[in-house]
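Taking the form predicted on its own, here's one chain by itself in structure tokens.
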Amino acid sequence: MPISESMVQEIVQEVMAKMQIAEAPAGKHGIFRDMNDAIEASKKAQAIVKRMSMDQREKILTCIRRKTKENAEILARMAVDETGMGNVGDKILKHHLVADNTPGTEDITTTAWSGDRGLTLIEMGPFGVIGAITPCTNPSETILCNTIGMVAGGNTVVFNPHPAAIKTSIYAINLVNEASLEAGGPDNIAVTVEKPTLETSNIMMKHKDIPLIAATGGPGVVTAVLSSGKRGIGAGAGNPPALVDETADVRKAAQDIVNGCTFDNNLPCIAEKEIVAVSSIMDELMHYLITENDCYLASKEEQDKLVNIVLAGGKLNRKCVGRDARTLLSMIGVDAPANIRCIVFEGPKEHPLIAEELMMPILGVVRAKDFDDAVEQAVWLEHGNRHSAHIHSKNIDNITKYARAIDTAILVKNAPSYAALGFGGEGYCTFTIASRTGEGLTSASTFTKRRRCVMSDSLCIR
């Protein structure tokens, strides 16, 4: 007998009445003091979610989307205030992008084969309770995007957010649970701890009730997940090069690259981190970057000062990550005009401000003698992360050659990098791009298991 919505509601009420969950801080849904308590609460919530119809899950997701839009400015301001990174306007846009473009239950599909020997189905089922590690660069965006996809697949999720963005993360987790309750679903579809640490992360990764871990962060985090002995989805680092060849619309390329590089102060991992340009259009490109796109041309002395500040002691200075160009310049004693958006300079590919992923609006430009040399240098700069890359060209053969050589999860042609997330381009949005483990742009279907159901010599009507 099919399960009706009223039956689902009765099941929800019955299970919730029996649930003995450790007390969370007053007024906060899904927030616990102990990671084991959080996982137990998530497990009990998942027992309800997996019984829900797709329609009921979709009602929860619809409510999450609405609340995300309603709270977009609050979340954006919280993230900037708490982390000191990015800018409010772009973060508001990212939250609307999550609400509008993150796939829901429509991504959970069935494949069927019907023939002389019967009917075979491939259906997507939930993993159960998923463990997720999220970054401070896109804290609430990642949590909201992950929750939508994971719950659509019938899962619940335990987050271990970056400690530097815990207030913003807690607000987002509370929001999705409020949405679930409003839509008739259970509490604790997403949970976390008040004070996430390396220890709470280890508890989560080793816990017997968590079969899948999704990590969005740096290479160290992804390596830890892949060493956990469990199924891991790893969204790691990138150093996306933007290649400009001699056939490109150079003026548009300059505008697109700066728009992508400066979006949320270069925090998105897909953003343009450096440019490789063929020599014949190099001067023209630099002209448009500086005269029409508000870029500041850094001298050799200023570059050296930036290296000392940005890469203090040979390590990335976290106080510089996600800062705007004027703030970075002020750190080296430069009082830049109010309109400056990006810092540019020409240098070799080995220049530390070019070779390192900085996540700030600094664009080193590498000169290549021809297209093949440009491809070779871009591949070196991407460092084998297989994450993202960009090209500005009107030559299909060149685009094809570059795509095969760079072999990234994302390749954007003739557009700003954020087109890859459905902002000014086609396709869905995600903030977990699993380049290292091969899933690419994750969605609801990524967080499901494939199950084959075979009915031999039956249900074939021909």
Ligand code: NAD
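Small disclaimer: the values here were computed from a predicted structure and weren't measured. Sequential numbering from 1, following the sequence displayed.
Keep in mind that the form predicted together with this ligand is not shown, yet the notes after this line are about it.
Residue contact check for A224: one or more of its heavy atoms lie within 4.5 Å of this ligand in the predicted complex.
In the predicted complex, none of the heavy atoms of T168 sits within 4.5 Å of a heavy atom of this ligand. This ligand in the predicted complex comes within 4.5 Å of no heavy atom belonging to S417. Proximity of G125 to this ligand in the predicted complex falls outside the 4.5 Å heavy atom cutoff. When this ligand is considered in the predicted complex, only one residue from Q56, S393, Q46, S435 comes within 4.5 Å through any heavy atom, namely S435. Interface residue among H207, H162, H95, R323 relative to this ligand in the predicted complex, by the heavy atom within 4.5 Å criterion: H162.
Site residues C136, S201 and E357 are all in contact with this ligand in the predicted complex, judged by any heavy atom within 4.5 Å. Residue heavy atoms within 4.5 Å of this ligand in the predicted complex occur in exactly one stretch of 344-352, 209-217, 87-95, 304-312, and that stretch is 209-217. Of the residues in 255-283, only C269 comes within 4.5 Å of this ligand in the predicted complex through at least one heavy atom.
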